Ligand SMILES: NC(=O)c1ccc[n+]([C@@H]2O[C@H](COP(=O)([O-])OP(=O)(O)OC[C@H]3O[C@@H](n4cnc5c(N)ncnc54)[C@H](OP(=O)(O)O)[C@@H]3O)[C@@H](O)[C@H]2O)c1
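Shown next as C-alpha cells: one chain only, the form predicted alone.
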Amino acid sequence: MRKVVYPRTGGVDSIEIIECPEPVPGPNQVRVGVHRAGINFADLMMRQGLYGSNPDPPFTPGYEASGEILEIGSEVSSLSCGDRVLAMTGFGGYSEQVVLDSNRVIKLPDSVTYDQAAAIPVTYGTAFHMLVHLGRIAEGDTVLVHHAAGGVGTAVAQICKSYGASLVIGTASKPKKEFVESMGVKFVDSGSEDFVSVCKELTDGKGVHHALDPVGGNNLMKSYKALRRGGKLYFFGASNAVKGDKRSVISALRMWRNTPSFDPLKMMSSNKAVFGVHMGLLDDESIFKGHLSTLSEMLLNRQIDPIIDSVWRFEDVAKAQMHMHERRNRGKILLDFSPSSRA
C-alpha cells in the first residue's frame, strides 16, 4: 500500500510517496480503501510548518476521504465490507487505505458519488458551522466571503442560496470573475477594488450581516469594518501567510504583525461579534456530525452540489497542491486513490 507523507517542512518538492504495510483494524475499527481524498489549504500550511495543530513530521495529511470498507473489526456490527463510506480521517486521508474508528465513517447513499462525498466535510462543514451554527443565518441576510472561487467560497454561495440570503459578495482575482458570478455572487476584484466600500454601497451604507475571512492580517480588520452593527465576522484561515509553495518567514511574520486586536468595548457598543473557527480542533464531534447529517440531506435534496475543480492521481499530489498555491482552482481539488485508476 502507498501513502503520501510530509517527511519535513518544505515546498511541494519535499512531499514523498512511500510503501507501507496494509493497516490492520482494531475491534472497533474499519479499514477503508480510499477512492478520493480532499485537498484543503490547511494541508499546504501544514507542509510549510505554519498550521500549528498537525502531528510532527513525518505524517500523512488529509482530513477527509471517501471509499469502500475492505475489512471490519470484530466488534463492528453497523457496517459491512463493501459499504461505500465517507471517512472523517482527521489526518491520514492521503493514502490508499486508512484505518479509523467505525464511528468516524458514514455510509453513503447510492446516489452520492465519491467525488461529492470527499468534497463536503471540510469545505461545506466549515461554511455551515460559521453561517448556520454560529451565525444563525436568516432569510434576507447579506454575506461577504473572501476567496469566493475556492472550496469554502463555493460552499458558502450554495448554503446562502439555500437559506435565503439576499446578497452574497465575493472577492477573488479578476480571472475568476465569470465563475464567481455564475454562482449568483456579486464579484469584487481582490486586486483592485475596495470590498468595504462595495459592501457599504450595496447595503445602503449599513454593511453586511456576515463576513467570512480566511485571509487574515490587515484584511481581517477590513472585513470587520464591512459589517453592519450587529454583524458577525468569522476568521478561519491565514492565507496571507502563504506566498508560494515554500515557507516565507517574512510573509508569515507580516501577517501576524498585521493581525488586529479587537477592542471589546467597541465591539459591545456596535454589537459586533468575532468568531475564530478551526474545525480540526472542534472538541464536540457531535456538533460536526450534526452538520454532516444536515448537509447530507441538503445534498440529497439538491440544495447543494459540490463544485469539483479537478481530480488528480495521488502520484501527482505535488502538482495538485501547486494548482492551489497558484490560486487557480475553482471549487474543490481532489486526489484519486481508486484501484480502478491504478496502472
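Counting begins at 1, following the sequence as shown. Values in this document were obtained by computation on a predicted structure and should not be read as measured data.
A second form of this protein, the form predicted together with the ligand, is not displayed here; the remarks below concern that form.
Among 173 to 181, 76 to 84, 259 to 267, 100 to 108, mark the stretch whose residues have heavy atoms within 4.5 Å of the ligand in the model of the complex. Residues of 173 to 181 come within 4.5 Å of the partner.
Taking 4.5 Å between heavy atoms as the contact cutoff, choose which of Pro214, Gly135, Gly207, Gly92 touches the ligand in the model of the complex. Only one option qualifies, and that one is Pro214.
Answer option from Val143, Met88, Leu131, Val242, heavy atom within 4.5 Å of the ligand in the model of the complex: Result of the distance check: Val242.
Does Phe41 make contact with the ligand in the model of the complex, using a 4.5 Å heavy atom cut-off? Judged by the heavy-atom cut-off of 4.5 Å, Phe41 is in contact with the ligand in the model of the complex.
Wondering, does Gly231 line up within 4.5 Å of the ligand in the model of the complex on heavy atoms? It does not: once the ligand is placed as it appears in the model of the complex, Gly231 has no heavy atom within 4.5 Å of it.
Wondering, does Gly331 line up within 4.5 Å of the ligand in the model of the complex on heavy atoms? Close contact exists here: in the model of the complex, Gly331 approaches the ligand to within 4.5 Å, heavy atoms only.
Please tell me whether any heavy atom belonging to His278 falls inside 4.5 Å of a heavy atom of the ligand, as the geometry stands in the model of the complex. Yes, contact at 4.5 Å.
Kindly indicate whether Val122, Thr126 and Ala238 are, all three, within 4.5 angstroms of the ligand in the model of the complex, using heavy atoms. Yes.
Can you tell me which bits of 131 to 152 touch the ligand in the model of the complex, meaning any heavy atom within 4.5 Å? The stretch 131 to 152, when checked against the ligand in the model of the complex, contributes His147, Gly150, Gly151, Val152 at the 4.5 Å heavy-atom cut-off.
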